[in-house]
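One chain follows as structure tokens, the form predicted alone.
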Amino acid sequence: MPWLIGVNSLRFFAIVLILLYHFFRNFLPGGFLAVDIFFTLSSFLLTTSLIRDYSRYHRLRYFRFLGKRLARLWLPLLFCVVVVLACAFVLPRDILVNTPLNALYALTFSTNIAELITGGSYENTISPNLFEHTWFLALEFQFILFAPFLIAGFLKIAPNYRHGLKGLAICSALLALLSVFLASLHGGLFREPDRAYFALDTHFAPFVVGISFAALNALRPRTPRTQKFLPTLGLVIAVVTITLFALKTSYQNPLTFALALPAVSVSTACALFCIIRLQPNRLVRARIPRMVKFFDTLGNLSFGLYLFHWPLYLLLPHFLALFPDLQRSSAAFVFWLIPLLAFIVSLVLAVVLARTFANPKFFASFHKRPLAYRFAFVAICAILIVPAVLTIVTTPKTSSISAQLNSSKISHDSRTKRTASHDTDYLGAKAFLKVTDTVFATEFNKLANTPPTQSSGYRAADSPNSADVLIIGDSVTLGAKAELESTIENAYVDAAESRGIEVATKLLAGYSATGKLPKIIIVSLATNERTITDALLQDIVSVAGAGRQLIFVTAYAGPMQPRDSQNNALKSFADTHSNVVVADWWQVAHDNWSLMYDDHIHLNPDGRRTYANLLNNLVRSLR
């Protein structure tokens, strides 16, 4: 709605918060709240348009409305998907596993549903989805599908127009409270933040807040502006409130869904109210401040920036890996270079998108453009489509990293099954820890009488109770299992994918209940962990018991997912505990990507040997 000067500036403010959150999550942990600014703005503008259309034609022109919105959302989304897949064609196939399916979810506006069904996590930092950010468009499209019936229904059944608007405003406010209540249950009481964030029923509040405010605004048309101070002050307070929530809120905080997200929606409605009151009395002759014009122009690019920044941010580290000199650059340089490049390229693509697929007038006037222009446009589209299709065709179903990790898991669990027959206590411990072998039953039968392969060196311990060194780890450790057991004398490795550090307490308690724990215990579980507290680490030390030496391994999760806070927590804890030391894997890995596969997390053969030698040297110094 062009008559609302300043709305696009609010969009620009929202996209800045989102970019800062994705690029520098530790600096702005609550930047994800800004999506509710977009939801509230979009709902307000769409509802206002529907109310005006209904008051003029006295009926709901649903398919015309849906077709216009679908064109504005789907064509830019299609352009984004094609460009991203075309860029990904030159990259290793391993990092693109599931990308064709994720692209399909994106183009059918079902990303949020797919994430809920598959158990996806919004803050997944190990194997992020290139199109995960399209959950935003999926949620908005699902709102667009039925919102017109809600709006038109109240206007139709009410005795008059004003009563219909009042009923719509009240009902929307009640629906907002219901949505906040459901979100509080899932995100707070049930500790299911992804369920609360992705689902429409729990994330419906910002949409109905927009509907309610649009109905109230239609009841009281804007009066001529008489003063600027109070609306300006209210706008500043609303923006500052949203900023403070973005700085202080975290995704895992239960109050996020009960307080922060509703507060952002209400603050956005307040900001809209102030923007409406600040509109010039005569727009045609008004002198719009240059700064407002500048931010409104940037706000027009917010949709394109949102579409492109996330996949580019994920792909750029793999493009940089193609240049050996950049791989040897400092971590700080790469840390700043990737966001900067992602922003610049996204901005260029957003400008292209705003002038083509996101411009309703582009195709209407396309036949009037010069023949050379039309030919060049079609040629560029064809050049992008071909590698995009090839990317889809050549992407494997399973990465080589996953295959290697599965192989290590099969070997580990096969040996567990063989030794359990003569170690009933250990079998009880595995039952206590809920370790099952149903998935790999066929492989177990094949390997039942086959000794595990060892590279060279020491033979692995049969159980943690007979080992001198117990290593508890995640997928990084699982991949290096053979090297660890053959490099470290009498070591036993217990590793599995997607583990957090809280698992160590349960594992140690189970092993302690069935026998004596080794003297040296290595815990390498910081890769998947969001927050590490002293209380959590103290629990691990307490369960391990007196006389045990613990080694905590720092994590490296790639240049775009810093683990500074987690690693600093490990180091600070070790400084205050004499029986705890740190193996600084981050220091080794952050400037040497050649030790890792294309995801810059899991270890290739050279990396596994380096990892094993690092831990072995530390173990020898403690023996």
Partner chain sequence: MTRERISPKVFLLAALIVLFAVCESLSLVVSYQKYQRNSSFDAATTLSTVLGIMNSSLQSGDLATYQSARARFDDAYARFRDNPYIQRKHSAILNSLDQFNQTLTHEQAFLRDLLELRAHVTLLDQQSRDDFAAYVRSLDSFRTRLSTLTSPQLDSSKKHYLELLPRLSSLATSLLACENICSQSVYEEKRVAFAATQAEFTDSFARLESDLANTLQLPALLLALSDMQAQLEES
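The term rigid core refers to the most C-alpha atoms you can superpose between the two forms while keeping them within 1.5 Å. As the structure is a computational prediction, the values presented were derived from the model and not from experiment. Numbering follows the first chain given and starts at 1.
Below, we turn to the form predicted together with the partner chain, even though it does not appear here.
**Student:** Quick check: do Glu192, Ala513 and Gly545 each get a heavy atom within 4.5 Å of the partner chain in the predicted bound form?
**Tutor:** Per the other structure, all of Glu192, Ala513 and Gly545 touch the partner chain.
**Student:** Mark Arg93 yes when one of its heavy atoms lies within 4.5 Å of a heavy atom of the partner chain in the predicted bound form, and no otherwise.
**Tutor:** Although the partner chain is absent here, Arg93 would stay clear of it in the predicted bound form, with no heavy atoms inside 4.5 Å.
**Student:** Check Asp534 for me: does it contact the partner chain in the predicted bound form (non-hydrogen atoms, 4.5 angstroms)?
**Tutor:** Heavy-atom contact with the partner chain at 4.5 Å: absent for Asp534.
**Student:** May I ask you to check whether Thr505 falls inside a 4.5 Å heavy atom distance of the partner chain in the predicted bound form?
**Tutor:** Although the partner chain is absent here, Thr505 would touch it in the predicted bound form, with heavy atoms inside 4.5 Å.
**Student:** Please check if His163 has a heavy atom lying within 4.5 Å of any heavy atom of the partner chain in the predicted bound form.
**Tutor:** No, His163 is distant from the partner.
**Student:** Under a 4.5 angstroms heavy atom criterion, identify the one residue in His186, His133, His309, His318 near the partner chain in the predicted bound form.
**Tutor:** Partner contact (heavy atom, 4.5 Å) among the options: His186.
**Student:** Could you tell me which one of Ala173, Val352, Ile237, Ala509 places a heavy atom within 4.5 Å of the partner chain in the predicted bound form?
**Tutor:** None of the others qualify; the residue that does is Ala509.
**Student:** Could you tell me which stretch in 237-245, 525-533, 358-366, 174-182 has residues with non-hydrogen atoms within 4.5 Å of the partner chain in the predicted bound form?
**Tutor:** In the other structure, the partner sits against 174-182.
**Student:** Relative to the superposed rigid core, does the CA atom of His577 travel 2 Å or more between this form and the one not shown?
**Tutor:** Yes, the C-alpha position differs by at least 2 Å between this form and the one not shown.
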